[in-house]
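Here we start with a single chain on its own, the form predicted alone, put down as structure tokens.
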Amino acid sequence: METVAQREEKFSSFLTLPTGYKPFFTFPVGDKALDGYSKKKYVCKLLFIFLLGHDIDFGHMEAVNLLSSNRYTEKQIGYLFISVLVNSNSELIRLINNAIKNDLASRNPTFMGLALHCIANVGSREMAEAFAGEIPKILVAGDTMDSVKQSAALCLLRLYRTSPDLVPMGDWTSRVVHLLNDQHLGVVTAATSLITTLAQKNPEEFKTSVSLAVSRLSRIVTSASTDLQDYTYYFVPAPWLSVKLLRLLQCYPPPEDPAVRGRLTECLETILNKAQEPPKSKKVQHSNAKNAVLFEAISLIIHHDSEPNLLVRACNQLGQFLQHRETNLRYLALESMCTLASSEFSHEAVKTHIETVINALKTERDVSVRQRAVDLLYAMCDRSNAQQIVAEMLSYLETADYSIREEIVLKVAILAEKYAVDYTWYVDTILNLIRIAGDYVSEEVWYRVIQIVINRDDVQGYAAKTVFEALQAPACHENLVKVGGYILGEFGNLIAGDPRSSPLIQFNLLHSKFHLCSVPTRALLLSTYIKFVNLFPEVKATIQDVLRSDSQLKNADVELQQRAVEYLRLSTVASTDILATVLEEMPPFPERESSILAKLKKKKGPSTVTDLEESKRERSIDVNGGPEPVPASTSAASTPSPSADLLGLGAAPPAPTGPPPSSGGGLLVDVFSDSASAVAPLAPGSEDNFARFVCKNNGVLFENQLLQIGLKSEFRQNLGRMFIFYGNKTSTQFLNFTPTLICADDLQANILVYL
């Protein structure tokens, strides 16, 4: 008995022999008719030659002729040849379609199965146009065999994925849902895959599948492994079907029927309970199947986000996996806990595992797992643990993989800003960040720290002192020189009273870094020098000598040369008053979305970052006193001084201003009024906020010095969920604060309101 390898070697040797010595590959010539067996044999040889890598440009018609045979083996080879070698542009496609139609109409389950497999394998648009209307009828027909139903469901799924516009929704959609109650689990498995894909695009058409899926899942979960012997995989009953049913349920919100909802909760609790039981087998296949069902159940719990008990139990179960010896389980546990951290019900439970996550960050060998640990630390961070998490991330940053350093830098910068109770800590953190990973600190990071320092009077002196001390190090990163140059140019006068940081010492310290920096940084330092001329007249002559030097006036770089010439002329001809006007201190920056967060969204994907940020905003809307209000002086906030361009940081576009709200009316008065029946009119200027929600799901609806009203919305298919949150921006606690929602009568039945 020759082996396959020997046979392939024999066939390959035949290809190298002269024509007269190739009896195996000799095809008949002339008008001699071939019987079915001979056609099958020669077509099979052609197929094998093609699989060896040789082009085949004949024999296609013989393969099509095999489709009309009544023998299974001949028809099988014909369909196999067509599935592999015939493309959708072939001239024979019409003949093939006719043969397939004949087999589908034959009601022979074997022939129907072969035809359906061929349609699915080819999956062309021509196939969809020809059979998309016929296959659903076969699927829901009462006399169709179970094996054919399976093939029909998967074939229809294939056509829907390739040409969804050609698969019509009709009466069959309501009937295909009832296949979830079929006695044959193979049919149920195939139908579940089909319904899940269809429900993602047409949720209303398949809404009735929820109760049937819960019923079927309940029967599987509560059954013993011996009850489903044909579909039990290493003591786990029907794991693939269980996973598919759980994914189908994730297409819909929690069931409204209390009975169905209670039954689903029991199923999920049973799955969590089984995860705690001792394994029935030591084989890896058993644990893989068991964990596949468990993680899909946890995904459904997270999706519903409505059962606090289940969310906490899921968090505790994932916490056990954090120390599992299997790397894949640790990865999946960290990834799932990132999503759990965004839920208000399970956030505190996730925080209890902070030490385990920090340990994983330090000791884990797999970089992908370490990256998930960073993501989880970022997700679980709040005001209570921000300093600990930021310190650990900074510590890890020194040895972190180069591929994730930039992401860690962005996250540290965001957390330090968001949860900075004391902004001196924020300044220290950012400067430490630049020291550790200066090459990965983008412009957005040091732009942001400058904006915050300029907007907060209480931290300006500390920032000037801190950067002055940091610049005294023998080796400073260029980003630190940029931050130091900008802050000392604006607020160097706040530390000039100390002899150790006199104006001349500040200038000499910055100028000692000048020749080591790139052209953009040198340009910024020149702007700092002219700022010094205004702040410290005693160093004016020294700075003019630097600007007058040949290295500046005759610099090869046009930008540096122009700045040196203009600044020298300005310092020479301008009076003290003109200098003070032109080089006045930067006004506060208008509040806007953090550019660091925007960069992180671009790097990680908008949906992931947005969900985490909005969930954090819901848990603590008044972090650090809420967003910084726009300064009362509209001239300072909306009219940047000429020095904005000098330092290379263009001020943000002026915020749109409206007429000032009247003191007697407006939204805030109605919010605090005792009358709950009156519909509050919009405050003047608030209409502009509504334009944000054309392209965004989240944002601030109304804001003044006392109150912030924000809106968060999320949509999945035809379902939506909207949150309105209120932030107290004062230091006084609100008393008797009660929100009231008033909506039209025709919306009452379609909206569920939770206060």
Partner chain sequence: MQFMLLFSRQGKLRLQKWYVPLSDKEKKKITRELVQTVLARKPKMCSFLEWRDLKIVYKRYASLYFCCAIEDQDNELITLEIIHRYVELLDKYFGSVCELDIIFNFEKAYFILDEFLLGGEVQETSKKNVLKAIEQADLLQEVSYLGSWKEN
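Keep in mind that this is a model prediction, so the values were computed, not measured. Residue numbers count along the first chain shown, from 1. If you superpose the two forms and keep the largest set of C-alpha atoms that fall within 1.5 Å, you have the rigid core.
Separately, the form predicted together with the partner chain exists; it is not shown, and the next lines address it.
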Just to confirm, with a 4.5 Å cut-off on non-hydrogen atoms, which of 97, 581, 327, 273 contacts the partner chain in the predicted bound form?
327
The partner chain isn't shown here, but in the predicted bound form which of 76, 265, 211, 218 has a heavy atom within 4.5 Å of it?
76
Which single stretch, out of 420-428, 474-482, 151-159, 501-509, brings residue heavy atoms within 4.5 Å of the partner chain in the predicted bound form?
151-159
Can we say 47, 234 and 285 each have a non-hydrogen atom within 4.5 Å of the partner chain in the predicted bound form?
yes
Against the partner chain in the predicted bound form, would residue 120 count as a contact residue? Criterion: heavy atoms within 4.5 Å.
yes
Might residue 186 be said to contact the partner chain in the predicted bound form, defining contact as any heavy atom within 4.5 Å?
yes
Does the partner chain get within 4.5 angstroms of any non-hydrogen atom of residue 57 in the predicted bound form?
no
Taking heavy atoms only, is residue 51 within 4.5 angstroms of the partner chain in the predicted bound form?
yes
Core-superposed comparison between the shown form and the other one, residue 424 Cα displacement 2 Å or beyond
no
Hey, does residue 108 budge by 2 Å or more at the Cα between the shown form and the other one once the core is superposed?
yes
Establish whether a shift of 2 Å or more occurs at the C-alpha of residue 345 between the shown form and the other one, with the two forms superposed on the rigid core.
no
